[in-house]
Ligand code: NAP
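Let's start with one chain on its own, the form predicted on its own, as structure tokens.
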Amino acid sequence: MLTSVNPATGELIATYAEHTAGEITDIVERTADAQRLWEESDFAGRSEKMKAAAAILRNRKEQFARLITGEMGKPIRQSRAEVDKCARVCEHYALHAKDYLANEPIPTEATQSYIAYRPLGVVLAVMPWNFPFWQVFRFAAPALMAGNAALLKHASNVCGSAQAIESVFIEAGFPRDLFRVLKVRGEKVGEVIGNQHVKAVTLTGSVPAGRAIASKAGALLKKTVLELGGSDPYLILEDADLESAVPICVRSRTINSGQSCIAAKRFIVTSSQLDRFLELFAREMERLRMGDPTEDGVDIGPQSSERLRDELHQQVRSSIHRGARCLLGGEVPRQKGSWYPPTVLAGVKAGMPAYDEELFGPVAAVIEARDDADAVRIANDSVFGLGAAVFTRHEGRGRHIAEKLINAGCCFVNEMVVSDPRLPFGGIGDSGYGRELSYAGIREFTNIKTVYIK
């Protein structure tokens, strides 16, 4: 059985029976049959259904938001924003998919030569719990608009969200078997990848999970897109405006109670700015309200599970043991649920978990840099390469560092890193490969076909 537990209270929400091997085979075959018909549909028909899905999301936003908050603990206003964002990505691809996948003429010696973008078939998605609606729609909207079908293996603790998403696509008029949920544990994913009808896999999750999926899919020569962990650096340069930078840094570190791959993780502050940054940053972090995530005024909800909360706490204690200074938080509250307070660690150096590893919770690691050049060096001293932000009063300097010096897939200047349907999203290094969103994301799961006519 798969179980969903309210992380704020520790109470059981629901249990779900796992699919048997026979049921999995049947679902995959039905999905493949649906895809063969779907790829012959036109963009106009697909677009109308995707717009209908967006409308359903908006109309049932409060219902879906409360489902998200109940299953994984996100503060309710952030859950509402997540549902809104899912509607926007549906609308984006409903409007732009036809242009993104239009035949692209290429002048050659041929009478006619061009690139055509054709669907691959059935795409398996292995998705995490931290954005249980957004992560799914981020892949599903472009995949379906490109003519593919989708299988979803969601995190076990958000089965209710998975089933709700499936119902959205059915209600919107998509073929009933085009998007299907597989209720299976992680160890069963390899068998699904091995099914002949599955042509590609996308995963958002941990580095070990990404390696396992890539290894299995690679052995079968099946396409993968991986969006894995991140330890995003936020560089506070010598000329940064701290009054505007600090609120952005706090918001980025604590979005989704700190459980975001593109949350700010490492704050790399030049020596001349360090004392003032720590003063302002700790003050803003201390003002955050931790409490019942169903209440509108709450900033920090629980961590998704006690196991993950305890792993985070161990990283904090180990960093302190190795010399980091805890300016705020750092203690597990004595109450039911998987709570962890906003925490600020100063004096973080290489060799500490807070420097070397991803901290998936509301814990900020502040690292001193001698100067701007040293800040860039420290930012790149990581196996990850998902997002990064640079804070400076000089646009030209910020642009140069973001574009040419930082090793990451997404670099922002004077703003927090976010995903946007209009912009490609993804990382390098241990943060994965491939891109989601924009034109790049919809083309990932197509056969980029050369057509040459003499």
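This one's a predicted model, so the numbers in the text were calculated from it and none came from an experiment. Throughout, we count residues from 1 along the sequence that is shown.
Not on display, but discussed next: the form predicted in complex with the ligand.
When contacts are defined as a non-hydrogen atom within 4.5 Å, none of Arg251, Gly387 and Gly429 contacts the ligand in the predicted complex.
Proximity to the ligand in the predicted complex, taken as heavy atoms within 4.5 Å, picks out 134-142 from the listed stretches 109-117, 320-328, 134-142, 270-278. Taking Val366, Met285, Val89, Met127 one by one, only a single residue has any non-hydrogen atom within 4.5 Å of the ligand in the predicted complex, and it is Met127. Residue in contact with the ligand in the predicted complex (any heavy atom within 4.5 Å), chosen from Ser156, Gln78, Thr224, Asn195: Ser156. In the predicted complex, the ligand sits within 4.5 Å of a heavy atom of Phe360. Proximity of Gly230 to the ligand in the predicted complex: non-hydrogen atoms within 4.5 Å are present. Looking at Gly147, you'd find every heavy atom of it more than 4.5 angstroms from the ligand in the predicted complex.
Contact check for Ala379: every heavy atom lies farther than 4.5 Å from the ligand in the predicted complex. Residues of 416-442 placing a heavy atom within 4.5 Å of the ligand in the predicted complex: Phe425 alone.
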